[in-house]
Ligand SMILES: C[S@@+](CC[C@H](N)C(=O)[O-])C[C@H]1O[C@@H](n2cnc3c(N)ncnc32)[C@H](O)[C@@H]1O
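The chain that follows stands alone, in the form predicted on its own, written as structure tokens.
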């Protein structure tokens, strides 16, 4: 799908006119977990208070006792007396659970009936003073909400819209997060997408969430960071669970002031130095193509296949500035066989293991981003074989160095 995204998250076209498609889908919600079937929120609203509460409690019990039951014990203390904004609240299972434990929770959703179900449940449970509600309209604005949230909670919701729409929503919500606040998100990982045949995102949603689902898109940590860019985040947790069906991110907003897009030097953050094929020092098995370079790694675990000198590019970015906040190296590649590690080497020749990213073979082109802080700027990018007994193969289409946000 063509991406008309700009740095400010706005679109050149009217991408948000299609939100009605997503509203029509997400007026149905899982009855606890993905294996329990689904129900329309309008059908729940038609029930008496007694039947609604019994049905909701049964669904919530299955959710709490299933594959994500660990969320409560992990975050009960974190959320006690905290202000939490949830994007895509569904039937409110998580928010009600944490509100009962002391959280102050704002449910935001694109479906009015979903919010009406949660409103009734909160009232029946005596939680009306601990919750508030926000209907997400086509403009994806959160301007009616305060700017004092400790946490933004995104549980399997905005990965169900295309990246540029999710980015617009994320940037709008971020201005309501406190300094050092947390962004917590559940997504579907790339491993699940590959296992299920690597379908188009328009088709994959039908496999993950039913026939009426218009979109599902895999995410990894760098894809989430690109969606939140230029807001700076530190990773608290990043792991997959439930047989690679889900991935959980817990990120901390790494700033001492609230996020405002206008506070960032857009020109500076957009500046990059493109590394040409001519700057690549070949190790073994390289063969040139017109637009890319393909490599077959030498035999042996950790055997280097190629390196790129970054020193000149970094000096070009730095110019007359005495200080760089950090740099990012963006690589577009395809790994055709085996596993390849992309890593950085500092000026003393020491490998920086914390900066390495491992890419497994797969059918799609990957964008790999490596990051280095101001105090640990690299001199080279090293690409090496990470599959024992296999001469991994990969193709590099482009590489660029930029100032990290």
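Residue numbers count along the first chain shown, from 1. Keep in mind it's a predicted model, so treat the numbers as computed, not measured.
A second form of this protein, the form predicted in complex with the named molecule, is not displayed here; the remarks below concern that form.
No member of the trio 305, 333 and 335 reaches the named molecule in the predicted complex with any non-hydrogen atom inside 4.5 Å. Residue heavy atoms within 4.5 Å of the named molecule in the predicted complex occur in exactly one stretch of 151-159, 218-226, 312-320, 199-207, and that stretch is 151-159. Contact check for residue 136: a non-hydrogen atom falls within 4.5 Å of the named molecule in the predicted complex. Remark: residue 63 counts among the residues lining the named molecule in the predicted complex, judged by a heavy atom distance of 4.5 Å or less.
Taking the partner from the other structure, the named molecule in the predicted complex has a heavy atom within 4.5 Å of a heavy atom of residue 30.
In the predicted complex, the named molecule sits beyond 4.5 Å of every heavy atom of residue 173.
Put simply, of 187, 117, 87, 297 only one has a heavy atom within 4.5 Å of the named molecule in the predicted complex, and it is 87. Contact with the named molecule in the predicted complex, judged by any heavy atom within 4.5 Å, is made by just one of 177, 131, 110, 327: 110. The partner is not shown here, but in the predicted complex the stretch 163-177 reaches within 4.5 angstroms of the named molecule through a heavy atom at 169 alone.
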